[in-house]
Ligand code: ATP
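First, one chain by itself: the form predicted alone, in structure tokens.
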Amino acid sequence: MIEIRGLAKSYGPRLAVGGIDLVVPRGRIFGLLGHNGAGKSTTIGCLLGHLFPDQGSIRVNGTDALADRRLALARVGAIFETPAFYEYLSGLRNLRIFAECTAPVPDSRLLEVARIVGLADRIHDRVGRYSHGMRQRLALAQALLPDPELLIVDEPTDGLDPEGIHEIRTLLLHLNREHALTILLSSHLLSEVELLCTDIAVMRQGRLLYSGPMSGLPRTEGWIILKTSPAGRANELLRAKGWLEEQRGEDRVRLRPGIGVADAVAVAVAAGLRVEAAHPIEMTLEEFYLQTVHGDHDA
């Protein structure tokens, strides 16, 4: 859906994006991660035509977004930066004004997107009466007006309470699964990214450090869950063999390099212990992110 090659952008002497390559597969929920100043907003700004890159190419759905912006973005919806509405007008009137500024759509479409985002009962109310969560839903409705194939959202749950965060997350999952939208999501909430995204990219100081599926994140080196009965006896056996390097609690252990889960289980079974659980501990997104941005990785 998105193919970025060699994208670079500087603001005077400051490098914002330094020649990155980024591919967003069709049908995925793709999380773009990075600290403030990492280059996420500049990348999205170039993608949407708000900024013109110094070099590189951008293709959206197969169309060159730099040579033919109108065609490339015809089926793209976006919430970029803080959405603003006319407080004294209804949600419906706001949607109609925004549609008239781009590509007018019939009222039936306005009401349809209001229903999709859960605002059908309040779309005729003044926006000044909307909660923060309702405003986020209205912004999503606006982004859905062109019946997009690609939805770009920047911090969609910013400032929401836990219930509002859950509602927006559920809505984005619904849009991806039921409406086949590819979603590019920029967020600082790693817990939400972990629940939502199928793929991620990590940026730091304009460089792309990692890009790939969530399922491809590495496991925590050497650490496993080993739960046996009697509790703790397996750890004693592993320590006696010189295989146990570190222990946290009764069932979290780090094994010597070269020793795997199967080896640890074999020791426990040979001693007549009942093995209740045995598996590697997968690295959380937070652990992976912090390790990546503070490490010495290159794109």
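Residues carry their position along the shown sequence, with the first being 1. As the structure is a prediction and not an experimental result, all values here were calculated from the model.
There is another form of the same protein, the form predicted in complex with adenosine-5'-triphosphate; it is not shown, and what comes next is about it.
Touches adenosine-5'-triphosphate in the model of the complex: R28 (any heavy atom, 4.5 Å) = Looking in the model of the complex, residue contacts with adenosine-5'-triphosphate do not include R28, since no heavy atom lies within 4.5 Å.
message = Is G39 part of the interface with adenosine-5'-triphosphate in the model of the complex - any heavy atom within 4.5 Å?
response = Answer yes; at least one heavy atom of G39 falls within 4.5 Å of adenosine-5'-triphosphate in the model of the complex.
inquiry  = Check A16 for me: does it contact adenosine-5'-triphosphate in the model of the complex (non-hydrogen atoms, 4.5 angstroms)?
reply    = Yes, A16 is a contact residue.
ask   = Heavy atom to heavy atom, is R207 within 4.5 Å of adenosine-5'-triphosphate in the model of the complex?
value = No, R207 sits far enough from adenosine-5'-triphosphate in the model of the complex that none of its heavy atoms falls within 4.5 Å.
request  = Specify the contacting stretch among 53-61, 226-234, 251-259, 31-39, defined as having any heavy atom within 4.5 Å of adenosine-5'-triphosphate in the model of the complex.
outcome  = Of the options given, it is 31-39.
ask   = Which one of R109, H188, R115, R75 is close to adenosine-5'-triphosphate in the model of the complex, taking close to mean a heavy atom within 4.5 Å?
value = Going through each option in turn, the one that passes is H188.
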